[in-house]
Ligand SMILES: NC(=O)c1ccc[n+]([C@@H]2O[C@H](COP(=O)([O-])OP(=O)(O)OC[C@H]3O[C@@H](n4cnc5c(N)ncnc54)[C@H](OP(=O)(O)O)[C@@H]3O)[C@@H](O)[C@H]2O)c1
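As structure tokens, one chain now follows by itself in the form predicted alone.
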Amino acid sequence: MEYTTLGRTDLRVSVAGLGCGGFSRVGQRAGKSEAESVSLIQQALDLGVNFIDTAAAYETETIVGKAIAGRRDEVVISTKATTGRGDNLASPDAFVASLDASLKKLGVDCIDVFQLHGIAPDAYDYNIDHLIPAALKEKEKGKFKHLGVTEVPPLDAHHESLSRAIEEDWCEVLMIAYHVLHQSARKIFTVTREKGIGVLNMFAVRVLFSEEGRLKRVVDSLVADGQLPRQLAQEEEPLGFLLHEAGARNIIDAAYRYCRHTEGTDVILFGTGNPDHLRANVESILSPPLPASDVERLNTVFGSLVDVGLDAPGNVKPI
């Protein structure tokens, strides 16, 4: 495993991080037993993965707690409290209660990274005025070490919330959507590198790359909209140029390696409920960069795209 320091924190983290939400929820969405999910997390730890990301909304904190029992010193734990949106914003009391519940479910005295979960742009000011002060008071009590924030990719494709958060002193870590066909996070990385803000990369691989035929349908739609060159519609595999002896083993491998070796990312998050996929994902994240010519082509052809492949679990568009 390879490790790095997460921004200006003192946390030494694996570059591959296991996400316990998303489309898998460590196998819970696929009907895996709790014991199987616990075993999967422990297998990740055995591979050297020490960054585990969960959230109150994922309903996997108890599973994570069981998996890390007796191994707390090996793990960097990240969890989140929902902030709400629209007319259903979390109160400071509810926010703190979520933090306390997370500590109990995880079976820990202190969380390494505690994040405000999914701040929508229209709720940003409320979070700054009400939830951030509440969180900082709990930090002073020793309930968590570092405060972070995550965006809501389907509602904030242009990173409006994070663009504001990175200018605030309280923001030590952020979670952002970034992948081959959604590269707009680069503007955020410029600032996070300057300020030492830790970056957790989500959405490196989602249904866009993992569901058979979906990438082709999405690219054809973008070609029809005039956002991509016409010749791509003639390609059976739009990213097929990445698959060669000196390049990627498959598209998922390419997607992980692209994100891993983008300057500005610290931890590449992946989700799975399958032990074979676990090992393959870790192998890809630990693989060398894609050839420079392939990366240049990806950036040239797809670099201007925004709001592609940002589907949320349970809300996958029938493309």
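All of these numbers come straight from a predicted model, not from anything done at the bench. Residue positions are given as counts along the sequence shown, with the first one as 1.
What comes next is about the form predicted in complex with this ligand, which does not appear here.
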ask   = Hey, of 145-153, 68-76, 218-226, 231-239, which bit sits against this ligand in the model of the complex at 4.5 Å between non-hydrogen atoms?
value = 145-153
note = Contact with this ligand in the model of the complex, heavy atom within 4.5 Å, among V113, L181, V205, L174 goes to V205
note = Students should find that, of S287, Q43, N274, T62, the residue having a non-hydrogen atom no more than 4.5 angstroms from this ligand in the model of the complex is N274
ask   = Taking the shortest heavy atom distance, is T9 within 4.5 Å of this ligand in the model of the complex?
value = no
message = Can you work out whether L269 and this ligand are in contact in the model of the complex, taking contact to mean some heavy atom pair no more than 4.5 Å apart?
response = yes
ask   = Might T82 be said to contact this ligand in the model of the complex, defining contact as any heavy atom within 4.5 Å?
value = no
key: Contact test in the model of the complex: V13 vs this ligand, heavy atoms, 4.5 Å   = no
request  = Using the arrangement in the model of the complex, list in sequence order the residues of 10-36 with any heavy atom within 4.5 angstroms of this ligand.
outcome  = G19, C20, G21, G22, F23, S24
